[in-house]
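Here you get one chain, nothing else, as structure tokens; it is the form predicted on its own.
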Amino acid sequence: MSETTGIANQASSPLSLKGMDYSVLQQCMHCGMCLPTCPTYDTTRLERNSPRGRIAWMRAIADGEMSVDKAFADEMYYCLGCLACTTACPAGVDYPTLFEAARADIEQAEAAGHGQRDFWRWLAVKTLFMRPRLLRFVGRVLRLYQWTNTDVFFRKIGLMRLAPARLRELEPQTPRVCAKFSHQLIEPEEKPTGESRYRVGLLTGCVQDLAFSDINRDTADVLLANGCAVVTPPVQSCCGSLHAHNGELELARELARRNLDLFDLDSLDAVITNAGGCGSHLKHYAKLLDGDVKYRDRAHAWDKKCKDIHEWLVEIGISPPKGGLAEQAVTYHESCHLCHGQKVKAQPRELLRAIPGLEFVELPESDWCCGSAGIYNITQPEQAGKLQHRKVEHISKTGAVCVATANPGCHLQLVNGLREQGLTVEVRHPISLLAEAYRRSG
């Protein structure tokens, strides 16, 4: 076997607890600083439900003292993966790598069970989110279902009672699909009316493309208003975060390669993401493709140029909008992977404070998980519901009429939680508020 082939095979092999650099497992000092920040430990007060307990379990598996079994699988899928522990950790423990390796081991060992789980993983993770055109087709079917009020009709006549109980619970939480997707709203390349100071690529996402394509249009408009020419490939694949966080690392690598092939990095100053969870994964393609001879250098270049939209605007210096919005109190919920994963905390607040007419009100526990956490609200509805209720309670106490958040999962979780508690608080992306202010400026 040639050296090149060996490295490529190494890059495509699944990461495992036993196969990783042992020093990563040794980083945890067992100090307990992570415990007060962990939502699951806060709920149960059980050591095994804490980052420290989970890492001890992972190390025991790496040492061959314990096996990857159903109990370990249940625990690792009870973890939100919110990364609050990484912010609190004084030792810099690389929990994201441990977390993804543990889930990869679980899927490799088939320790999480079979049956319906296998079908839904195949349908969502391995099929729909690997095929952007198929995902858009399903989105259009869902849009027709919603636009014709078939969903309301089915509920009215009681047809939904025939569906499985969990499906009945999830159906009302289905996001409203936009009438047009991102490629129908944004040209492949758009230039500002004045001088182009920068040229950037825009990532449109998968769920973001279907349910929040208007936010992608707003993002393009804000970039144009700040002197950026915007390149937006019309057919984009999922970033791969869903796959990496659910033990499908090889699929995550395949999607990373697709995204790297999609953009001419040499011609771009930055690649922009507006979804907190996606951005946290997108900024680590170099680690994901470490050892891949063909893509390694390109992945490192990608990581340097991949920027969250708030981060980028503050970095280049935002052009303040001349017009403002109607006077209103706005608060801000932080996406876990934006604040803990990307360490982007001050920039969204800075942008919100730059919009005339908005009174910014700080949200208590703004960086505490809302319970969305990818598909956590589907797989762990009870715990997700507790976190959702806690978050909505804090929002209601601020007196704000609008809550801003920068992640599609958080957005949906807040919309559903506010509706269930009968609160008329609007949920907006910070960039949508900024885009509206620019439009009012003419």
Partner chain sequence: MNLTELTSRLPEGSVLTAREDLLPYAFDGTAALKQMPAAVVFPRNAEDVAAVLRFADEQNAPVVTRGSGTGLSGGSVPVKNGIVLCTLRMDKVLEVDTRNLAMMVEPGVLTKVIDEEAAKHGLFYPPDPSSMKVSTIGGNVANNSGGLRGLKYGVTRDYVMGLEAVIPDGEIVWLGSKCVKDVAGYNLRDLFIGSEGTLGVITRILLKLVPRPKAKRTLLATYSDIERAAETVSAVIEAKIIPCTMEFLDRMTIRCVEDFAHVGLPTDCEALLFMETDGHPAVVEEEAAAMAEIARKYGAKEVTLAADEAQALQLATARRSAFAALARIKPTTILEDATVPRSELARMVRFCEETGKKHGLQLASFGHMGDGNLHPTFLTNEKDTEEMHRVEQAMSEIFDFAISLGGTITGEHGVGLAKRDFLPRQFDPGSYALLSKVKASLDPKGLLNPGKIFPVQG
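Positions refer to the first chain, counted from 1. Keep in mind that what you see is a predicted model, and the values were worked out from it rather than measured.
One more form of this protein, predicted together with the partner chain, exists but is not displayed; see below.
Undergrad: Honest question, do 226, 267 and 316 all end up within 4.5 Å of the partner chain in the model of the complex by heavy atom distance?
TA: No, none of the three is in contact.
Undergrad: For the chain seen here without its partner, which of 408 to 416, 375 to 383, 389 to 397, 23 to 31 has a heavy atom within 4.5 Å of the partner chain in the model of the complex?
TA: Within 4.5 Å of the partner lies stretch 23 to 31.
Undergrad: Give me the residue from 358, 73, 203, 89 that has a heavy atom within 4.5 Å of the partner chain in the model of the complex.
TA: Contact check passes for 89.
Undergrad: With a 4.5 Å heavy atom cut-off, would you call residue 56 a contact of the partner chain in the model of the complex?
TA: Residue 56: contacts the partner chain in the model of the complex.
Undergrad: State yes or no: in the model of the complex, is some non-hydrogen atom of residue 60 no more than 4.5 angstroms from a non-hydrogen atom of the partner chain?
TA: Output for residue 60 is yes: heavy atoms within 4.5 Å of the partner chain.
Undergrad: Can any non-hydrogen atom of residue 35 be found within 4.5 angstroms of the partner chain in the model of the complex?
TA: Judged by the heavy-atom cut-off of 4.5 Å, residue 35 is in contact with the partner chain in the model of the complex.
Undergrad: Is residue 402 close enough to touch the partner chain in the model of the complex, meaning at least one heavy atom pair within 4.5 Å?
TA: Answer no; every heavy atom of residue 402 is more than 4.5 Å from the partner chain in the model of the complex.
Undergrad: Go through 32 to 52 residue by residue and record those having a heavy atom within 4.5 Å of the partner chain in the model of the complex; state none if no residue qualifies.
TA: Stretch hits, in order: 32, 33, 35, 36, 41, 45, 46, 47, 48, 52.
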